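This document starts with one chain, in the form predicted alone, laid out as structure tokens.
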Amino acid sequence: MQADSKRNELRQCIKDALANRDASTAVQLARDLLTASSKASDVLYCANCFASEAETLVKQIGLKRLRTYLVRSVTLEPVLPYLSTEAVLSGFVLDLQAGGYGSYVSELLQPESELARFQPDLVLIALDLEEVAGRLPALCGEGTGAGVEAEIQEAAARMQQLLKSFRERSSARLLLHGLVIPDITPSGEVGDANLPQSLMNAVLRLNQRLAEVCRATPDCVFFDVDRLAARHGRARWCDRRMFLASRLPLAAEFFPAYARGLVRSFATLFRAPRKVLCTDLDNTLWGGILGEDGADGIMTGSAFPGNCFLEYQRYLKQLSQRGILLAVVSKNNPADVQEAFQTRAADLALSLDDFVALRIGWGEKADALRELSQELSLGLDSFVFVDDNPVECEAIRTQLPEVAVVEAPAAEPWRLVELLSERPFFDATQITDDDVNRLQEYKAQAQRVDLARSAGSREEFLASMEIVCTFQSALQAPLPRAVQLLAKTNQFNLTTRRRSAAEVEQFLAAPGGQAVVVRVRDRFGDAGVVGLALASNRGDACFIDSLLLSCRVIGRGVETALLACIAEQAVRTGAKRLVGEFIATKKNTPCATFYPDHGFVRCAAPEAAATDAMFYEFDLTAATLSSPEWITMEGTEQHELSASTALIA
């Protein structure tokens, strides 16, 4: 009775918060309600509340609105309220429409289908084994398994052709639903494990091939449903009676887990992972308190419970190896920490060299995170903070709400890696060379800062850097890196349009189209691909759709060099004017005067332009945009920038 009273109170509070246009509070209350209750009626209530106030959610707290279309050969209508609600809790508002049952082929292939008319931002493709590879169970059941591999390859090829055909007409992001390995097969438990052509092994290989198809398709992610089913128990994942009666592919108790998994998968198509993990030391990176127990007394190494902390250290090491920056934020004596890392090196999976920065002292941790944000030129929304002290965690949540906070369970240290891995902070579908080299690049950045402090003037400093800018087609970047920049760059981003890989390719195919990336290196190292510009010709003008640069290299003249490269290519394609667009956001103030600073003058907005956009133009017949003299330019020739366009045809 008390629980029902609490639920009703939370429901009313959600309704009141939305009525008062307090969207942030409403979302937090909904999270509290659904954490305390698994009732379908509560999920439906939240879904209805959010649907009625979708515009408030978008305008007040910046949730991303997605026109989402479900292509399916299964029944998923009962799951949709869970999907809509989980999307809001994860930062998205879904305008959701389900396609006809089993009509996926015509919807994906026909130019005039309901899917095409809907003009989606996101397409969810949920098909069952019968539709993807219907002959597979029979072929596996023949005993010899003849034809199994051919069926797997043919099924993958059919799916690839479907996605390719759709991609030629639409730039919508795609999510392809994987297949759940059947819990009961003709081979039985022993046969499934030992027969290479068992249905279990065949579906596993088919999932792997479908994942490969997704990797080969721009802006497409594979949703590994079997991973979810295995975690919760494949024997319970599907209610056979409901599946046979209505083609509902999962039991009602797993609707929340399914919705969370699906949203977590497609979220990677619209936002970049966080970049920095800041960890405490005492009772987090190791067990015990260094100042009290001494270096010899802290718990780490191969024996329990030290191995719990060693597991966390190894997890951080793996994150670092794929490009996540590690930092220490700890209230301790620096000399004691130095000693601990030296004397216990054999018991630690990390050394101080694995950290991009150390904030060890007795100041406030919120101040340390602010300093790190400035030092690394990264927004606080790129940070994850891990600490065992609930007071410190609450202070960060209150003072720096952009930072993701994970409270380390000091009494159960074996759970810390699980707590981190089950959150989507570092989810990524692609890991580029620039990601892998990020730690070394930030260490090189520290050397640049030291040089800047000792230089006599800005020009002297920049000339001594020996900066080289190499310009390439975005397809050579490679393309995933270009899309990654579009997704995560905020401060120096003139329009903050989050273009997809397919849209980038469309710019290269357009008349006078440009999709140019800039790679920067200097005497301290290679910063990798740090900038991107998208442009195309309309009449006698070249319009810059997007121009962005990593904040790591702002102020070195690279932004001017990129603009000069775009202008040079525009002249070669016959343009007489260069038109730039600026759309102000909360974060891109650093580039608000970029176009006027380079001689552009304010001009009228073209038809159908965004109402909040400002336009500037530069007369290419009267003046020239030049790169700074301290920068060496490479690859600006037209044939080099367009060499990969043949790949589009």
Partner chain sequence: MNSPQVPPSLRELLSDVFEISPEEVTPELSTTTLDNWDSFRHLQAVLAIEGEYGVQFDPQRVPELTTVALLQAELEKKGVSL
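Residue numbers count along the first chain shown, from 1. Bear in mind that the values here come from a model prediction, so they are computed numbers and not experimental data.
Keep in mind that the form predicted together with its partner chain is not shown, yet the notes after this line are about it.
*Residue stretch of 618-626, 24-32, 587-595, 40-48 approaching its partner chain in the predicted bound form, non-hydrogen atom distance within 4.5 Å*: Checking each option against the 4.5 Å cut-off leaves 40-48.
_Any non-hydrogen atom of A133 within 4.5 angstroms of its partner chain in the predicted bound form_ = No - in the predicted bound form, heavy atoms of A133 and its partner chain never come within 4.5 Å of each other.
*asked:* So in the predicted bound form, is its partner chain close enough to Y101 to count as touching (4.5 Å, heavy atoms)?
replied: Answer yes; at least one heavy atom of Y101 falls within 4.5 Å of its partner chain in the predicted bound form.
*asked:* Against its partner chain in the predicted bound form, would E149 count as a contact residue? Criterion: heavy atoms within 4.5 Å.
replied: No, no contact at 4.5 Å.
*Give a yes or no for D367: in the predicted bound form, does one of its heavy atoms lie within 4.5 Å of a heavy atom belonging to its partner chain?*
Contact check for D367: no, nothing within 4.5 Å of its partner chain in the predicted bound form.
*Just one of N332, Q321, T75, T343 has a heavy atom within 4.5 Å of its partner chain in the predicted bound form. Which one?*
The residue in contact is T75.
*Using a 4.5 Å cut on heavy atoms, which of G306, P81, P480, G178 is close to its partner chain in the predicted bound form?*
It is P81.
*Is every one of R314, V553 and I554 in contact with its partner chain in the predicted bound form, taking contact as a heavy atom within 4.5 Å?*
Verified in the predicted bound form; spot residues all out of contact, no.
*Are there residues in 206-242 with a heavy atom within 4.5 Å of its partner chain in the predicted bound form, and which are they, in order?*
If the 4.5 Å heavy-atom criterion is applied to its partner chain in the predicted bound form, 206-242 yields D239, R241, M242.
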